[in-house]
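Next up: just one chain, as structure tokens, the form predicted alone.
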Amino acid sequence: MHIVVCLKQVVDPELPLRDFAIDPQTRRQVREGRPLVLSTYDENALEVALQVKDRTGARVTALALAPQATVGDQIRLALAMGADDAVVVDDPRGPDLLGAAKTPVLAAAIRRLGAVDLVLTGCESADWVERAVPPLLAEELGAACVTFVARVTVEDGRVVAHRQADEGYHVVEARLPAVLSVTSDEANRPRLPKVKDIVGAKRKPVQTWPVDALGVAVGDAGVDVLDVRVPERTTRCEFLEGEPAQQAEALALRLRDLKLL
């Protein structure tokens, strides 16, 4: 069995708000000078792949569409966690492409890897939150698609997925090959690599494919981004008059009016 996990770099969502910026020309996040991390749900997807590997001996390939010069630490984290191979499709535009635009490139890279049984992605990226890549990728590959999956078992050419729902889980079965998008769940909390694995990952080869070598053009995103803004935060300070009991009563009424109680 061969599993491919699609990984994306994003600007660290934990950055203070003042450190986020939008390029007014491209309407994209300014990445230069900001720390980059793996998109949160992508780590959960990698953990699900590694759990399947632990049970079945599957081979896991980490795949990233990004500028080769910036993706090193994140792809080597995947190797340290337990991925067998790593491939970077080198495209400076990669992190900024919307889902429909990048899907043909990802599909071409997966086809170049040969027979792939399972493709895992995060259920959404931590920057655009489109949730478009998994179903579009499944359509490109002619594979089944199950979204918002927390747990996976694979046997006899089929995948059984626990899909998150409001009331609990839906249990969905699909034929392989399949594309699954993965949510965060206590069952797929990303493992911490050991020090020896981190050191060993630095010596593992990472294949780099120029995007032009895939023979496929970036697709049409199908949408135009008209405006993107960093949220503005405003604060207002109000002093409540009176004795402590009066202040407490006024505070409770004010919080109720604000629908915070």
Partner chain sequence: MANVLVIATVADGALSRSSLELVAGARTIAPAVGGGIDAALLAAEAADGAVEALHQHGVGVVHRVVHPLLATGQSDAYLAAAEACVRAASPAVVLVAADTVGREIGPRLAYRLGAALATEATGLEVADGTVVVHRQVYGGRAVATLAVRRTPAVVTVKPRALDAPAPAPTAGVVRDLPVQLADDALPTRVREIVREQAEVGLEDAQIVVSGGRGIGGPEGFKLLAELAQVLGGAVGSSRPPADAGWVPISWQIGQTGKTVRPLLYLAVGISGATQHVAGMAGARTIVAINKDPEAPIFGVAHLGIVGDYREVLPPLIAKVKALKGQ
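Here the rigid core means the biggest group of C-alpha atoms that line up within 1.5 Å when the two forms are laid on top of each other. Everything numeric in this text was worked out from a predicted model, so none of it was measured. Numbering follows the first chain given and starts at 1.
A second form of this protein, the form predicted together with the partner chain, is not displayed here; the remarks below concern that form.
D220 is the sole member of D54, D212, E32, D220 with a non-hydrogen atom lying within 4.5 angstroms of the partner chain in the predicted bound form. E140 is the sole member of E140, D90, D117, D85 with a non-hydrogen atom within 4.5 Å of the partner chain in the predicted bound form. Looking at P24, you'd find every heavy atom of it more than 4.5 angstroms from the partner chain in the predicted bound form. Taking non-hydrogen atoms only, R59 never approaches the partner chain to within 4.5 angstroms in the predicted bound form. Among heavy atoms of A80, none comes within 4.5 Å of the partner chain in the predicted bound form.
The closest heavy atom approach of R236 to the partner chain in the predicted bound form falls within 4.5 Å. The partner is not drawn, yet in the predicted bound form one stretch among 197-205, 61-69, 46-54, 221-229 has residues with heavy atoms inside 4.5 Å of the partner chain: 221-229. Along 231-261, residues P231, R233, T235, R236, C237, E238, F239, L240, P244, A245, Q247, A248, E249, L251, A252, L253, R254, L255, R256, L258, L260, L261 each place a heavy atom within 4.5 Å of the partner chain in the predicted bound form. The Cα position of P92 differs by less than 2 Å between the shown form and the other one after fitting on the rigid core.
After superposing the rigid core, the C-alpha of E186 moves by less than 2 Å between the shown form and the other one.
After superposition on the rigid core, the Cα atom of P16 is displaced by less than 2 Å between the shown form and the other one.
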